[in-house]
Ligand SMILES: Cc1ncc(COP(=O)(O)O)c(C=O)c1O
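As a starting point, one isolated chain is supplied in structure tokens, in the form predicted alone.
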Amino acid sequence: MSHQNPLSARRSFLKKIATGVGVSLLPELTEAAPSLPHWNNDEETYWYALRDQFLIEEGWIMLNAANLCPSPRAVSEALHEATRDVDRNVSYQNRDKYAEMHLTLREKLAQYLNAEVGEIALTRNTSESNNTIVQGLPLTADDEVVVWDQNHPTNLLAWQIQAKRIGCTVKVVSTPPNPASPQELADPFLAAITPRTRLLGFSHISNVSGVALPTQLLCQAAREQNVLTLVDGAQSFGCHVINLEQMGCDFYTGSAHKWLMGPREVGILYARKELIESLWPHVVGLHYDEKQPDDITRLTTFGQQDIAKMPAMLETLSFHEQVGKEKIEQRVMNLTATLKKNIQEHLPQANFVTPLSENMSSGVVIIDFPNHDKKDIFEKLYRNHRVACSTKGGLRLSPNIYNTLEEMDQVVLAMKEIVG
């Protein structure tokens, strides 16, 4: 594969941001990253070549995108270079360019999510974004919040702790284990809404079952009843084409370190512009008093941050733009469908926790094996077969675009060897 000058495509985007600040953005690179492959009719060849963008050790199969993804090399290098840039010169003058990047990054994220820049703020992860809403939404003892029992603790336990403080009610909803349709998934939530309900909070995709909820249906139904919606997008941000205007949610959260394959400790918070002024900050830091009530960054004055993450995050979004959001979504769904099919054919004893239907699932595939300890399978996959996965909700396998169809065959053969 041909290599290009590292200061060309990989750096041009970042250099544009620095134009006019009078300072060279980042120091020279010493190692070139491979150029992105060109799309052609042989899709598997393209995706196999794209794997070269990642530093995954040869022979290892990473199937843990639901928890943590590797970043493309260009992202890792941008983070490293920016860190060195700051360490070389910690002056206010040198760091001024990163303040400019902050706004540029919010603009790029707004485009990526189809929102307005004034509705997008940067946090450290989905957990912080969720808690910004939990702690910031003004509730009274007469109010009610409806949440899914499969939510992450930051969109479930956090509400329950908040309820202890202010006396509001938290109703926890369960969905059927074998849903027949998206409507069947939505019905328990809709049935739980009462005139007291202020907010409906749910994960777009469950990290413990792989169930994908019908977000647009739920958000629309909630808005018709004047109920706010908080969608935890930890398992959708980066692997699905997200159109927040079309989704119709009031709040959306996500992390860069999962499916987006970005730098760690970068989160996003979306809040519909009409609601920003009503939210209270849960952390008050420097420059808070300079913000206007309708400025969403008023909610994220966290103090000193690792500003080197910003060029790395911009590089991440550039990578997604070059590959294509639609292609990434299609690839993740194709890998998942292949994995499910292989499991059905070669491991008939496996029980699917995740729905087989594509319109009720995504990139998270969870199975269990009767009479087998999932942690034992998890360890043997790693130690004996170099497969990294998870035991959340069962044996959780979550592929991303750095995986190949061949690996979907290999992991099933490895499980067959372990469980017999």
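We number the residues from 1 along the sequence you see. For clarity, every value in this text was computed on a predicted model and none was experimentally measured.
This protein has a second form, the form predicted together with the named molecule, left out of what is shown; the following refers to that one.
Only one segment in the set 79-87, 324-332, 296-304, 202-210 has any non-hydrogen atom within 4.5 angstroms of the named molecule in the predicted bound form, and it is 202-210. At least one heavy atom of N125 is located within 4.5 Å of the named molecule in the predicted bound form. In the predicted bound form, H257 approaches the named molecule with a heavy atom inside 4.5 Å. The named molecule in the predicted bound form is not approached by T336, whose heavy atoms all lie more than 4.5 angstroms from it. At least one heavy atom of T154 is located within 4.5 Å of the named molecule in the predicted bound form. This chain is displayed alone, yet in the predicted bound form one of V134, A234, C249, L105 has a heavy atom within 4.5 Å of the named molecule; that residue is A234.
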